[in-house]
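For reference, the chain that follows is the form predicted on its own, supplied as structure tokens.
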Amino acid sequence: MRYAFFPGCVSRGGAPELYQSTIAVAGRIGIELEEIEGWSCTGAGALQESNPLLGDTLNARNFALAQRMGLSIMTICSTCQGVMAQARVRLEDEEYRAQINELLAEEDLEYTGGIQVKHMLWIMVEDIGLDHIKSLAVKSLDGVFLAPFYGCYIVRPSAALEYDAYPQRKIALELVIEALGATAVDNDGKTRCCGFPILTINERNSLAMVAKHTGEAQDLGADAMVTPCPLCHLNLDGFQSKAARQVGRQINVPILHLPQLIGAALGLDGPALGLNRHIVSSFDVALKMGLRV
């Protein structure tokens, strides 16, 4: 399976281990990635609040670049997935799309509509298939307890994300965790905001959300949390110790990116998956998964 790869800004900046682990895993599970040359930020929802036309133009440009490649898009960022899905819906309006294509014409680009954009998580379930994932695993993660954490943008708004057509998307992360032999630890926070969007304007509340989610996962016995969203990873991993101090308790929950989990079952070692780049040490969960660290 071949996709136009849209890595997103965070995997190329604040969380490079996500990019690294994605590349390490993709070929092994039968995904051929061709990175979109010249891709730009989706606007991450923030730009859309102040200038929706510019936000949609950026996304239409990325869509047009992928269409030029003749490929559907794969992303590894929940925020990018959500923002692109909403833009995709708006750009189905032919009159609006024509307005934006006038702007894209400066680069000799045109978006014709109908692009398919899928997060790697959905591709694992819908295109690769859980049985195939199981067949590729060289080690079982039996006895490892993992709390799923989706983040906002890959669950809302459900209409733009086509949840009616693909109802398994509601539990896709749990399905992958269980397919790899680990136990999914259900938790109330898994589809709630991690607090990242308000970090710079209301740090206290953002840290309270980090403490609530990571503390809940720890109390439920999770060895780690797993997220398909690099922005959630930044907040839950990078600010966990500060959040713990704010609420006056010990919290120590490693946060794994989705491809790091997959790579562990495929037999890749910790350094290859970038597990040594996390703020909260993943040493104990890596050992429990049988990885060389």
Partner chain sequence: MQAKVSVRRFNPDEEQPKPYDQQYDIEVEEHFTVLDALIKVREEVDGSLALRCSCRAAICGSCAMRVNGHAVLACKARVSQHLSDDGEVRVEPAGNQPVIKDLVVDLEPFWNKVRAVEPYLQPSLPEPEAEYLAPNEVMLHLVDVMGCIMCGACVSDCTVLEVDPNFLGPAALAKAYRFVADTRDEEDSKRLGLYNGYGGIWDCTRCGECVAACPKGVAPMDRIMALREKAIESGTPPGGYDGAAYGYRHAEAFEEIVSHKGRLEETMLVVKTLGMFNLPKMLGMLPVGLNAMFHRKMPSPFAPTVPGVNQIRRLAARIKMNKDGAAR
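Numbering follows the first chain given and starts at 1. Keep in mind that what you see is a predicted model, and the values were worked out from it rather than measured.
Another form, the form predicted in complex with the partner chain, is not on view; read the next lines as being about it.
Only one of Gly113, Gly129, Pro197, Gly181 comes within 4.5 Å of the partner chain in the model of the complex by heavy atoms, so just point that one out.
Selected option: Pro197.
Taking 4.5 Å between heavy atoms as the contact cutoff, choose which of Ala159, Ile201, Ala165, Ala98 touches the partner chain in the model of the complex.
Selected option: Ile201.
If the criterion is a non-hydrogen atom within 4.5 angstroms, does every one of Glu49, Leu54 and Lys212 touch the partner chain in the model of the complex?
Spot residues vs the partner chain: full contact, yes.
Looking at the partner-bound form in the model of the complex, is Leu58 within 4.5 Å of the partner chain by any heavy atom?
Close contact exists here: in the model of the complex, Leu58 approaches the partner chain to within 4.5 Å, heavy atoms only.
Applying a 4.5 Å heavy atom distance criterion, does Val10 contact the partner chain in the model of the complex?
Yes, Val10 sits close enough to the partner chain in the model of the complex that at least one of its heavy atoms falls within 4.5 Å.
Give a yes/no on whether Ser135 approaches the partner chain to within 4.5 Å in the model of the complex, heavy atoms considered.
Judged by the heavy-atom cut-off of 4.5 Å, Ser135 is well away from the partner chain in the model of the complex.
Can you tell me whether Ile177 touches the partner chain? I mean in the model of the complex, with a 4.5 angstroms heavy atom cut-off.
Result no; Ile177 lies far from the partner chain in the model of the complex.
Looking at heavy atoms inside 4.5 Å, which stretch does the partner chain contact in the model of the complex, given the options 221-229, 262-270, 33-41, 66-74?
Result for this chain: 33-41.
Which of the residues spanning 270-285 lie within 4.5 Å of the partner chain in the model of the complex, based on heavy atoms?
Contacting residues: Asn276, Arg277, His278, Ile279.
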